[in-house]
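Next up: a single chain in structure tokens, the form predicted alone.
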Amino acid sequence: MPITEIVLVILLILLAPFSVAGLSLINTGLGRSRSAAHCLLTSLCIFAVAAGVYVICGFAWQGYIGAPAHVIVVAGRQWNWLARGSFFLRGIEFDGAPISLAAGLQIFSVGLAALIPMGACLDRWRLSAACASTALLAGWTYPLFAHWVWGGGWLAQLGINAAMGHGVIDAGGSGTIQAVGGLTALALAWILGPRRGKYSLEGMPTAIPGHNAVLILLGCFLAFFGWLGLNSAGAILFTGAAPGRIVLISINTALAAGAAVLAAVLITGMRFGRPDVSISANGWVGGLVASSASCAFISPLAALVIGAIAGALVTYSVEWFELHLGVDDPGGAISVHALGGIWGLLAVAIFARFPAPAVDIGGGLFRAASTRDAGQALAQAVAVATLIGFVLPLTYGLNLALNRIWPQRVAMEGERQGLDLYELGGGAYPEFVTHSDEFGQFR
């Protein structure tokens, strides 16, 4: 890569931590005040564990396009299923080579994916259990699917091996980061069960609003900067997009987020009489999530449509999960990241047009074309099926087994006191009374 392109990608990677900070603040604001400090500290610990485990073994399983990998031969064709790298990033020269830049970007990407379940587990997830669950995600679940999409794995090979368009395209991680994190959030929400007091004895959900709208909205702004880095750097490193496309990527990311938040504001305003801050904020993030997969290959008009649909999905699915499936998701993580990520993957097949790659990303995985390929829809559908049919059961099984060894949920007394006092010994807002629930009338 030219030195100017290396510097550009490094600068984009340095934007990625804003997504981590933004999501941490959003989750904290959407939770209860008596668990605010616990949420932020847990977020820091989750990122630390994710980065450490990923460096130890995660990137060895994920690898990069053209790097050594385990393959199987089916019908005379080689299918790449797992990277064959060294632990602790040994053998990588940090000299600006694409593999070294990918490793740097992925440390923040896996940290973001690991933070997503925090939104679904607010007010009841033990700090130590969150760290243990993160180790499973960063050490195995995330690298496995990331290799299949970004490391030259079998999903990326669907184009050359099965004539399915260009293989799975996910430039900024709608599926690889967001849907993997969102489906892990769903698995953990099932295992943990709803918060005490969330459902009445008749089974009807009770509204438990987030405690700080300012933190939520500030987190939305920070997340936007992080997404600019994730989408742009990912498009260059994993799909061979030309650096000049960063302008288009930035415009599309902004338009998708804007359309999503406006859709959420409009829908909640019509349904409830006034816009809902938390759902509207989740709509903003849902637009960012949905934009990621196709950000480098769609028109601004398509970005508006993708974002508007993502905002509408978030608005209705939050209620649907809560009311009809009994899933207590305080931060809307499942709706925003799982459904938004899946929609982002499918939107590639509907709206994206692919030019020839500006650089050789190795292995000839990205077949040059100027228009949409009819097989692209099938490739994207295979990715979605893999997420739902394999990644979700895998992450559920791993966390269920972990729950038998190391219980994930805090004791009832911890929920009554708040996790700040119970696990940390002090609250985020010591000068205020932060809890007064009566648990007797709820299940």
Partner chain sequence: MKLAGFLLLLAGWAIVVAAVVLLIPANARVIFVVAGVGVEMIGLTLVIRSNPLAAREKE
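Numbering follows the first chain given and starts at 1. Everything quoted here is computed from the prediction, not taken from an experiment.
Omitted from view is the form predicted together with its partner chain, to which the following refers.
Contact test, all of 63, 132 and 401, partner its partner chain in the predicted complex, heavy atom 4.5 Å = No: none of 63, 132 and 401 comes within 4.5 Å of its partner chain in the predicted complex.
Hey, of 76 to 84, 251 to 259, 216 to 224, 91 to 99, which bit sits against its partner chain in the predicted complex at 4.5 Å between non-hydrogen atoms?
-> Looking at the other structure, the answer is 76 to 84.
Work out which of 194, 104, 243, 139 lies within 4.5 Å of its partner chain in the predicted complex, going by heavy atoms.
-> After the contact test, the surviving option is 194.
Heavy atom within 4.5 Å of its partner chain in the predicted complex: which of 56, 412, 45, 388 fits that? Just give me the one.
-> That would be 388.
is_contact(residue 68, its partner chain) in the predicted complex, heavy atom dist at most 4.5 Å | Answer no; every heavy atom of residue 68 is more than 4.5 Å from its partner chain in the predicted complex.
Does the 4.5 Å heavy atom contact test between residue 148 and its partner chain in the predicted complex come out positive?
-> Flag for residue 148 set to yes.
Is residue 393 close to its partner chain in the predicted complex, meaning a heavy atom pair under 4.5 Å apart or at it?
-> Yes, contact at 4.5 Å.
Might residue 199 be said to contact its partner chain in the predicted complex, defining contact as any heavy atom within 4.5 Å?
-> Residue-level check for residue 199: yes, a contact with its partner chain.
Scan 102 to 124 and note down the residues that get a heavy atom within 4.5 Å of its partner chain in the predicted complex; none is a fine answer too.
-> Result: empty, none.
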